[in-house]
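Single chain ahead, by itself, as structure tokens, in the form predicted alone.
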């Protein structure tokens, strides 16, 4: 399966809609998108993972790298995830303490840093 990416802006947040599988083959595409957004001055990102079917350690690494990039600019990276099998990965790895995880894009956009 492939990875689909699309972005749009809501207020001062850039929403990255991700679909498909984030794995060793597709993660570089997501990394490029996050790097490009930060380089263009978008420091408050919401990564919508509602349509993600699979996430591996490479994908987790890309998200952590994205978080480090935005934090270097006093920014934020929030995740939208409501699928139990994906949330379980964040719980097992302890990344629920690192990433703010929301149930919806609206909730993530409304959250303040």
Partner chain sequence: MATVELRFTPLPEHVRTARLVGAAMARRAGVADAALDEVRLAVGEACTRAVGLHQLHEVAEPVQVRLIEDEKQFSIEVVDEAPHAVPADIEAGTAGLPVTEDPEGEDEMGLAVISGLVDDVQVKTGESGGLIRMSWPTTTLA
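The structure presented is a predicted model; accordingly, all values stated were derived computationally and were not measured. Numbering follows the first chain given and starts at 1.
The following text describes the form predicted in complex with its partner chain, which does not appear among the structures shown.
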(request) Let me know the one among 32, 74, 53, 40 whose heavy atoms come within 4.5 Å of its partner chain in the predicted complex, would you? (result) 53
(message) Just checking whether residue 10 would be counted as a contact of its partner chain in the predicted complex - the rule being heavy atoms within 4.5 angstroms.
(response) no
(message) When the contact criterion is heavy atoms within 4.5 Å, does residue 104 count as touching its partner chain in the predicted complex?
(response) no
(request) Find out whether any non-hydrogen atom of residue 87 is located within 4.5 angstroms of its partner chain in the predicted complex, and reply yes or no. (result) no
(request) Give a yes/no on whether residue 23 approaches its partner chain to within 4.5 Å in the predicted complex, heavy atoms considered. (result) yes
